[in-house]
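A single chain comes next, written as structure tokens; it is the form predicted on its own.
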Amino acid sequence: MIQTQTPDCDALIVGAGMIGSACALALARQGLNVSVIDRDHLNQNAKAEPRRVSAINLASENILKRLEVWDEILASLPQTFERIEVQDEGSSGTISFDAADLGLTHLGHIISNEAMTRALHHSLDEKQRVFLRFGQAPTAIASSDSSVTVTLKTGEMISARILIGADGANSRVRELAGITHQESSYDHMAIVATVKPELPHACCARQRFLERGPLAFLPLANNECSIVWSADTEKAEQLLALEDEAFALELAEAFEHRLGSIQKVSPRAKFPLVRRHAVNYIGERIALIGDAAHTVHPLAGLGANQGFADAATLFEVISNASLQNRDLASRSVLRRYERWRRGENALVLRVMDGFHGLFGTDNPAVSRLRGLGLNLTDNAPLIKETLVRYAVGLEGDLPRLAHMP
């Protein structure tokens, strides 16, 4: 431990992506002085193809509305999804969820990550209490009784009352803080692309569990879809090696032509799928949020929503401490955040691991049970309603920012 002088800011956030920026904006709106740094340069990946998108549920929508960035996000033409359909290739099992059954207009939105980040940055730029810097990365961290000091690559040092790691799956903050994590590969790779199908997507998010991994079609504006095709590494490499026309044919066939032929395919990107979970979410005056704390298989599209809930929860515990004139980064304050979110995220990880194992086998007996389970659930309205309410963020131990108005 070292002793420091008066901190340069209340909160230093490493990572200016969606989750870090949302946390920064919430804290700044509460009157705290916030500095945000990011190793990438501004707009470095703004126009990258394929578009990276997230399925944003109602809880995350509420957070973004309360941060007053939702109107700008809407200007980017996000696509609502009103229905979810799931089908199992290895059985006759299907299940669907409809917003109308819950008395809702929609279950969520498919939004580009870039649009959300841009809206958050615009709002941060307008805040006098926020200092946003790009092309900066930490090289060392040292904590004292009253502050934490971060040394940057340039040699510059920044001190804060709390350091928040929102710097992604390979978090430098997590590493420098000596916070260990559990990591295991799913032995799958996700192929992401933007495609234009022949038939209307009808505002429906669709997923088909194939023998070698799940395939999702997420609706976008102008009848485009973002696909996430998870497959074992061998299959994924074969798909990536195909010419666009051959890939489009393979994609349409894998999806049983449910949206007709695939008329257009963007450049494809690949991402190895790795399960990670930090053993601790906190250190001495340090907290981890989003992918810095956990990464999960994308088959349910929950990653971004977990991250927004982390940010809103950390904001809530810090805000409560600040209003009570307590040390906002004391162990007791940060432990409340850790207990609240680590349990919730661990449950999501276990459930997704279970789905991955259940749908990742071609055992005929398991396939039959899988199909039976899907069909029974589809015909059990109370169970279906409970499942979808948790998925869209209407139930659960949610932070105040995520509550429905």
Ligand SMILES: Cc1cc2nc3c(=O)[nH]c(=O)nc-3n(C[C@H](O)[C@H](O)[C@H](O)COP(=O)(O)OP(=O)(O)OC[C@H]3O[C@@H](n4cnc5c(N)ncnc54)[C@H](O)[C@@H]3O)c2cc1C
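Throughout, we count residues from 1 along the sequence that is shown. Note that this is a predicted model, so its numbers are computed, not measured.
In what follows, reference is made to the form predicted in complex with the named molecule, a form of this protein that is not presented.
A residue is said to contact a partner when one of its heavy atoms sits within 4.5 Å of a partner heavy atom; residue 68 fails this definition for the named molecule in the model of the complex, lying far away. Among heavy atoms of residue 58, none comes within 4.5 Å of the named molecule in the model of the complex. The named molecule in the model of the complex comes within 4.5 Å of a heavy atom belonging to residue 172. Contact annotation: residue 283 falls outside 4.5 Å of the named molecule in the model of the complex, judged by heavy atom distances. Contact here is defined as any heavy atom lying within 4.5 Å of the named molecule in the model of the complex, and by that definition each of 40, 192 and 228 is a contact residue. The partner is absent here, but in the model of the complex a heavy atom of 302, alone among 73, 205, 334, 302, sits within 4.5 Å of the named molecule. The stretch from 315 to 323, 206 to 214, 130 to 138, 179 to 187 that comes within 4.5 Å of the named molecule in the model of the complex, counting heavy atoms only, is 130 to 138. In the model of the complex, the residues of 158 to 180 lying within 4.5 Å of the named molecule by at least one heavy atom are, in order, 166, 167, 168, 172.
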